[in-house]
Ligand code: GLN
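Quick heads-up: it's one chain on its own, the form predicted on its own, in structure tokens.
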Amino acid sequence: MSEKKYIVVTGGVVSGIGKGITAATVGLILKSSGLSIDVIKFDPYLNIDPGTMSPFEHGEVYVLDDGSETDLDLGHYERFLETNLTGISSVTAGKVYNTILEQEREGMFLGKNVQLIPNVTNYIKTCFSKDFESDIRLIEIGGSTGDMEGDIFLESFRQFRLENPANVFHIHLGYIPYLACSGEYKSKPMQSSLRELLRSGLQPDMVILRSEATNTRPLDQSIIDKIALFSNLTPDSVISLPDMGSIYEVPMYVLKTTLLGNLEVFFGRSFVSKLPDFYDKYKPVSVLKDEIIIGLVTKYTKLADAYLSVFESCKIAGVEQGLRVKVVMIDSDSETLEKDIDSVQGIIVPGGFGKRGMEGKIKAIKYIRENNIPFLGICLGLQMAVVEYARNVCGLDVYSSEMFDNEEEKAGKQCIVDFIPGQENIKKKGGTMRLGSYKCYIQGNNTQSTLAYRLYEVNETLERHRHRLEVQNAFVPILELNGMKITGKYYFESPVGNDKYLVEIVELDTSVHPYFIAIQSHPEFLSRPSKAHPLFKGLVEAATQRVG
């Protein structure tokens, strides 16, 4: 392509309607047409990143290879586009203002007033085009049109588009609510969003209408016509995007709309867009009859987005095996915990922070271990599996250091899970954990196999991490003496003859448990629609055996 092109996605009415999935879908369609794509997500909150936010506030924190803690939409981009992104793809208002203030302290503004316009807007515009080497850059502006904190990003976009009129395609995504009491869709909120957008000086090239439309309750053409009128567009530039059974059905649906035709007009060329072959597996995902249920034992049960990548990884592993996987939340503090566990075919204990719910997770893991229920522990899940085994099999009175509110409570206790070397005296919480991609050396071979080796089929892999606590190596000998295998390690130096390592994977021999494995990293961040992560694939396979 002779000139770089930008596709910018904004949203209106409410947040969380799928701007990220929509942008990722557009990127997938263009990538499958032979174009190279990269992505930037702009978030208007003042946090530097979401790393210190509660999952109740923001959903999961998605971690990239380079250790960047980002919005969960980066996960959609990586999964849809089959790529690994970097921190350049995540820009927050906090990062923007922090950079501007640091520049001011360094005297970079030559004594002038530092203002939103032009200083902040100019910096945001540089982020739009920074390190742009692909054919197309997808830009998602988070939040909803009309949000006060997002105004500066829309103003920066307005200026940027004026400077690049032929190279920017703007898609505005909004929600059309359905009122069951009157049995009709209401377009007024979307009309208001469009008026607000136009007042900002932004004219979209396309509008996408999200809704709960079904075959029995479709979004009426009159709604589309009305929105087209209010957005200064023809009806062909307004498309309906209803809820789908799976987010991986969205690209196939969108290809049947006028989206591609509108993009062809913008690019001045035709596209032959064929989705990768593995997307054929996702066509029947919403109607698959064979179903297994995986339980997620956690304390964040009110917001599924807190574990979005875990949910997606389970579904991907199921589709790869021709199954529909349903993931249910199990409260670790529930009085019916054991009964809840018995109702599913496999269990995941995922990552998390804070002492609340830890004893419930330990109780759950004990029941899982003793009743041969397929189990995958992730991050905190590994740590609690080690605590449970040390207590109930090795006979040790041990804890995780995170089970105590202060040093006085911790004093005199055996902490089998404690700080990684170098993490003990860190006071700042944001961006200071062990973050990003690290090597994991897996024990085993074809003659002396381990569960980890059979799953990965390699002796070295890269996994993404987000933690500051770790199993303490002094306890490893007694764990192994009592049957818990340490089959994955990260070595600070050479893995040959070196005892300076971190525990990465623990497991029980398949002769005593059908599937019991836990990993210190977050494998859910590496699942892709074309290839399920080995640990999730193994869990689903083991769960199907329990069904049988």
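For clarity, every value in this text was computed on a predicted model and none was experimentally measured. Counting begins at 1, following the sequence as shown.
There is another form of this protein, the form predicted together with ligand GLN, and it is not shown here; the text below is about that form.
Contact annotation for S313: none of its heavy atoms lies within 4.5 Å of ligand GLN in the predicted complex. Among residues of the shown chain, R468 is one whose heavy atoms approach ligand GLN to within 4.5 Å in the predicted complex. In the predicted complex, at least one heavy atom of H522 sits within 4.5 Å of a heavy atom of ligand GLN.
Not displayed here, ligand GLN is kept clear of V91 by more than 4.5 Å at the level of heavy atoms in the predicted complex. Heavy atoms within 4.5 Å of ligand GLN in the predicted complex map, among the stretches 443-451, 192-200, 239-247, 380-388, onto 380-388 alone. Proximity to ligand GLN in the predicted complex, defined as a heavy atom within 4.5 Å, holds among D147, D340, E155, E402 only for E402. Taking G142, P204, G351, G295 one by one, only a single residue has any non-hydrogen atom within 4.5 Å of ligand GLN in the predicted complex, and it is G351.
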